[in-house]
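What follows is a pair of forms of the same protein chain, given separately as structure tokens and numbered structure 1 and structure 2.
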Structure 1
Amino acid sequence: MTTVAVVGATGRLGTQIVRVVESMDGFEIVARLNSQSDLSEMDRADLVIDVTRHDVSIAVVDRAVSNGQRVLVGTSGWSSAAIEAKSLPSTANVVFIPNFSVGSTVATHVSALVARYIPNARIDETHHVNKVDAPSGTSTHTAEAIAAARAATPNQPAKPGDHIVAGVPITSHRLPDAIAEQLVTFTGNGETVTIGHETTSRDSYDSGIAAAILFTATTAGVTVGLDRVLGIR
């Protein structure tokens, strides 16, 4: 039996993760931490799942790695640069998941394929008005995947207010009735390619959450992205 601590257990994603873990054979939740909890409550678990804020997440990851615990991070803010700057030890077993949606993960992978041939790209992303970070972890991850795949220098002007991640302009929208939506637009010589994904129910995250938990329970080292978990790349 793998024991699990969920940090951020009372939030929207945390509540969903608790439900998924409780439905999985071989896993048992032994700690559910909220904003008032002391992080020491997570110490007795084999696997720590972090869905908090980035500043809290740093402390959670530090403590879990120091304890030799496995960590699944679903908190936004962990860009490639932030993970690299963390300089996690070789003994760390940490999995960073920007988005638990299988469909969104596939859309990001396809965006990287298009970027090889059409380098001019921009991202429009929409989330619920209560999402505190912008751009989202998903759009940041997509921008980094596009930048890594491009063979040519892009020529994509930014709009006022855009965020620039890895050279990719991102426009962030926050609306009261939204869950998650991302539209990647590539412009070429007389043609446009668009790759869109919309989350219409949070239940769509369940399969990705379960896959990430199983992966984190057995993998070694540092892994970034649900695409790695699913074997897409």
Structure 2
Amino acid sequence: MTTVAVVGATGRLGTQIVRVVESMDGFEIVARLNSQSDLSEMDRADLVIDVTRHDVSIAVVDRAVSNGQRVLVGTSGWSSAAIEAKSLPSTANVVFIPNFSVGSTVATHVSALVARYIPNARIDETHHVNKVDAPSGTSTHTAEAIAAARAATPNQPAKPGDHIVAGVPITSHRLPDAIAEQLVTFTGNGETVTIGHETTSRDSYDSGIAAAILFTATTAGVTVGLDRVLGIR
């Protein structure tokens, strides 16, 4: 039996993670922490899942690594630069998952494949009006994957107000009834390829959460991204 502490267990994502862990054989939740908890409550678990805020997440990762615990981090803000700056020891077992959606992860992978052959790409991403950041972390990651994959220099015009990430124009739309949607459009010579992904329910995270928990319980070292967990990359 793998014992689990969920830090941020009362939040929107934390509540979902508690539900997923409770449905998994071989895992038992022994601690549920929120903003009123002392972080020492997580110390008795084999595996710590962090879904809080970035500043809290740094303290959780530090504590879990020094305790020798396995850690799964779903909290936003862990950019490649932030993970590198952390200089985690070689003994650390930490898995960072910026996006638990299997469909979104696969769509980004397919976008990188198309970019190898059709370099001109733009991204439209749509989220709820209350989303504080723009462009979304997922669209930034997709733009970086496209830029890394393409062999030819793009000639993609941007629209006024676009964000330019790794040379890819991104238009951010904010609508009252949206959850999360991304459309990547590649324009070739007389042809267009579109790769779309829409989240219609947060239940879409369930399978990615379960896969990431199983991976964290069994894999050594530092891992970043659901694509690594799923064996896509």
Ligand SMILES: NC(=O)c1ccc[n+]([C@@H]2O[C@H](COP(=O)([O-])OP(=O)(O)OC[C@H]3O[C@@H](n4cnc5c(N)ncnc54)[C@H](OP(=O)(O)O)[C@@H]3O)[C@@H](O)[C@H]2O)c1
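In this text, rigid core is short for the largest set of C-alphas that superpose within 1.5 Å between two forms. Counting starts at 1 and follows the sequence of structure 1. Keep in mind it's a predicted model, so treat the numbers as computed, not measured.
Of the two forms shown, the form predicted alone is structure 1. Residue displacement note: Leu33 has its CA displaced by under 2 Å between structures 1 and 2 (rigid core superposed). Once the rigid core is overlaid between structures 1 and 2, Thr185 counts among the residues whose Cα shifts by 2 Å or more. Positional change of Glu84 between structures 1 and 2 stays under 2 Å at the C-alpha, relative to the superposed core. Taking the core as reference, the C-alpha deviation of Ala148 between structures 1 and 2 is 3.4 Å.
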